[in-house]
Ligand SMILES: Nc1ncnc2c1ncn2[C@@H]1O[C@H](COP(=O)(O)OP(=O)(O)O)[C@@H](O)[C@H]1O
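The data below hold one chain only, encoded as structure tokens and taken in the form predicted alone.
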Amino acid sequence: MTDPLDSLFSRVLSAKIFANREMMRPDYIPNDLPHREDQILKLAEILAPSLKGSRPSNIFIYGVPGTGKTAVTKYVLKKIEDEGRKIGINLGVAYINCKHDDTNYRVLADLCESVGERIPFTGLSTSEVFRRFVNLVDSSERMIFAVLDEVDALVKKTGDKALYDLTRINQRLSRTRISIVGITNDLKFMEYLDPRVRSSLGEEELVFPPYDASELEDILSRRAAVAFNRNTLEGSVIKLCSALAAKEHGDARRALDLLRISGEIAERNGDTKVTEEHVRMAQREIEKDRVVEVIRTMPLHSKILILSLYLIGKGGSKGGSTGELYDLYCTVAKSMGLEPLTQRRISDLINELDMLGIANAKVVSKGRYGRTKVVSLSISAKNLKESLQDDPRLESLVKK
């Protein structure tokens, strides 16, 4: 009897869809970044004084997901590092993704590791790790760029203490200079910060606009030319991927994923060309996986809010007012022994869920009773349960 895996491996090995699959990965940084020339130049202008030994201003970069913030930052800093090496300037980059390292301790530990000092996973106080970092970086003359990507995840979880310390660290250094580059998807992020941190961190600001459909089409065409073999893409595939991603706030990351997964589906099916049907299948696959993964990685109170929306809809309602939702959220949070967030903070979380497509918030007229915002869940109960079932704190509530 033939092993089905043998035929699968044979099909994959003989597939000729991709020339270089890795070039379709969102974390691949190409040699050019089309439609971001203005942002590249602006960021380079702000950071270029480091090549003369001066500390550049801290800069904060805003933009919705997939607008090239991280790619442009890494691209510009690599160019500056290369130039510094040519002229003998000691420049270093410490890149930290605060979505993964979302505590003050881990951020400071990663900064220590970026300059060659390994810090134990636990066991030290945050202030001790910070003291070690100060001593380490000031041991030689250099310029360090601390890139804090998705920094809103850190602040929402543990507050802005680490940012406060880092924005004032240069006062404690005599030989080293540190410049902070903050990156966030949350356009209201600065509102969460202490005014003293806000003024120090946002010395310069840069906003990345979403890509439109024609820009996404150009980006995909350039990337596809080196990632796919010739004549393996149906003529309308790139245009469709671009149009679908443009609807999602102009997300280039989503457009790249959509095209790559379309190619992988065609490859698994043994097809020689990627068609529109493969794109539609990829879209359904991404939509399911994206929602589940996003909710799984959310903070506990955001999960409780989503669960409250589910419970409102389960009662036969098409949604609830923000007041009704907040009351139910408070009930669920207290039943778990938690202190509820303020109504204003919950209002911000509702807007975030609306932006992500997990909730639908719309203002409706109540006639002479005025207007109110009605919030409803935009995802299926199946996706919700799949997202929350691994969280033991919510598992029993989801099954009710």
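Residue positions are given as counts along the sequence shown, with the first one as 1. Remember, predicted model here, so these are calculated numbers, not experimental data.
Just so you know, the form predicted in complex with the named molecule exists too; it's not on screen, but the next bit is about it.
Put simply, R253 is close to the named molecule in the model of the complex: some heavy atom of it is within 4.5 Å. Of the heavy atoms in V115, none are within 4.5 Å of the named molecule in the model of the complex. Mapping the unseen interface onto this chain, P340 falls outside it, with no heavy atom inside 4.5 Å of the named molecule in the model of the complex.
Contact check for F145: no non-hydrogen atom falls within 4.5 Å of the named molecule in the model of the complex.
Comparing 128 to 136, 189 to 197, 237 to 245, 69 to 77 against the named molecule in the model of the complex, the single stretch with non-hydrogen atoms within 4.5 angstroms of it is 69 to 77. Note on contacts: among T232, N185, S302, Q283, the single residue with a heavy atom within 4.5 Å of the named molecule in the model of the complex is N185. This chain is drawn without the named molecule; in the model of the complex, the residue among L33, L356, V332, L51 with a heavy atom within 4.5 Å of it is L33. Across the proposed site, G313, Y326 and K373 without exception lack any heavy atom within 4.5 Å of the named molecule in the model of the complex. Of the residues in 217 to 235, those that come within 4.5 Å of the named molecule in the model of the complex through at least one heavy atom are, in sequence order, I219, R223.
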